[in-house]
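Alright, here's a single protein chain in two forms, structure 1 and structure 2, each given by itself as structure tokens.
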Structure 1
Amino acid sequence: MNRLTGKVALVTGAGRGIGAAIARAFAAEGAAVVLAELDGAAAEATAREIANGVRGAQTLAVQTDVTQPASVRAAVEAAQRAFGPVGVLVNNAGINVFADPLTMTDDDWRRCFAVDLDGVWNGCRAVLPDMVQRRAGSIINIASTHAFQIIPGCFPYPVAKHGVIGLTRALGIEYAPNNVRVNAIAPGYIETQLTHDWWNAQPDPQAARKATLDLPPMKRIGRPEEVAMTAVFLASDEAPFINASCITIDGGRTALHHE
């Protein structure tokens, strides 16, 4: 349980869902964790819950909007003041913007890219100078299987997630000589509030849920903890030669042509 001892990690969107599970898993493995989250109260609550549940956990909640470079920089500075230099960044904050391309508003497009792609870049830019200087760092970007495959009517989310993979590969190559690794995780369906919101937005939420559960070859969807385990691995010293890469967590769904 000490795979991340001595590391300082910052996780965006850590108030709930996949980000909260990653923050919890990191703390359980000995990292000091900063929960950088738009909803300050949710960040505080999750940080408290981790502190109560994990013996010796070091957590800090910082209200952060990943769309604002200054806000992300302030979170990184708060992390440094509290625990020392940030060695692990998880760019997890993300939103679903699912629309029809031709009826989508300009605001939908901008909102999607502001969080799902600019937000990832803002995080990278805030930690990279220090990581490069210290010649140590692991950045983990939460992409999606939408980064490789398209579902009609889900525009422009997959465009932004394709960009996350591009950003991951570009920065991974750019800073490989400085021993900074940049990787992505591409989850398939994972049961979080985001997924429930999507089901509830469908005309028949129960049918939508059932259709989702039937999709993966394993006939279930993933749990946030299953994404967190891979994030721990990529953040740890067990993955020193994994860089500019992406690990898919979807129970095999993207390998399936059709049944």
Structure 2
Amino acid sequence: MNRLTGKVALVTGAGRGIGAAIARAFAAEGAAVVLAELDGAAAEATAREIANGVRGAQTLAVQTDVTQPASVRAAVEAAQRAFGPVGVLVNNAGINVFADPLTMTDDDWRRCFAVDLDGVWNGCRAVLPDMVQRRAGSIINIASTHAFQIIPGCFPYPVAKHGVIGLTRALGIEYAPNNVRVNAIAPGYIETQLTHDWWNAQPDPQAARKATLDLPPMKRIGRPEEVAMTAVFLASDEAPFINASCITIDGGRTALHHE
């Protein structure tokens, strides 16, 4: 339970879902964790939950808008003041924007890329100078299986997630000589509150749930904690030679041939 002892980690979108699971797992493994979240109340609640559930946990909630570079820099500076240099960054914050390409508004396009791609870049740009100077750091970008397989009706979300993979690989290669690793995790269907909300919005929620669970070969979908386990591994000293790579967590869904 000490795989991240001595490390300072900043997780964006850490108020709920995958981000909260990663923050919880990092704290359990000994990291000081900064929860950078647009919804400040959600970040505070998750930070309290972690502090109550993990003995000796060090947490800090910071209201952060990843679309604004200054806001991200402020979160990094708050982390440095509280705990020291940020050694691990998880760019998890993201939104779903699904639209018809020809009827989608310019605002929808900009909103998708502002959060899902620019937000990742803003996080990387905020921590890289110090990581490069210290010659140490791990950046983990949460991508998606949408970066590999296109599902009709989901535009422009997969375009942004393709960009996240490109950014991950480019930065990983650029800063490899400085011992800074940049990797991605591509989750498939994960059982978060957003997933439940989508099921409940369908005409037949139970049928929608069953259809989703039938998709992966394992006949279930992932749990946020399963994504968090991989993030812990990439953040730890157990993955020193993994760089510019992407780990897919989808129960084999993207490997399955579809008739």
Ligand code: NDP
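Here the rigid core means the biggest group of C-alpha atoms that line up within 1.5 Å when the two forms are laid on top of each other. On a predicted model such as this, the values are computed, not experimentally measured, just so you know. Here, residue number means position along structure 1's sequence, counting from 1.
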**Study point:** Of structures 1 and 2, the form predicted on its own
**Key:** 2
Check your understanding: After fitting the rigid core, is the C-alpha of residue 219 off by 2 Å or more between structure 1 and structure 2?
Key -> no
Point to revise | Per-residue C-alpha change between structure 1 and structure 2, residue 196, threshold 2 Å, rigid core fit | key: yes
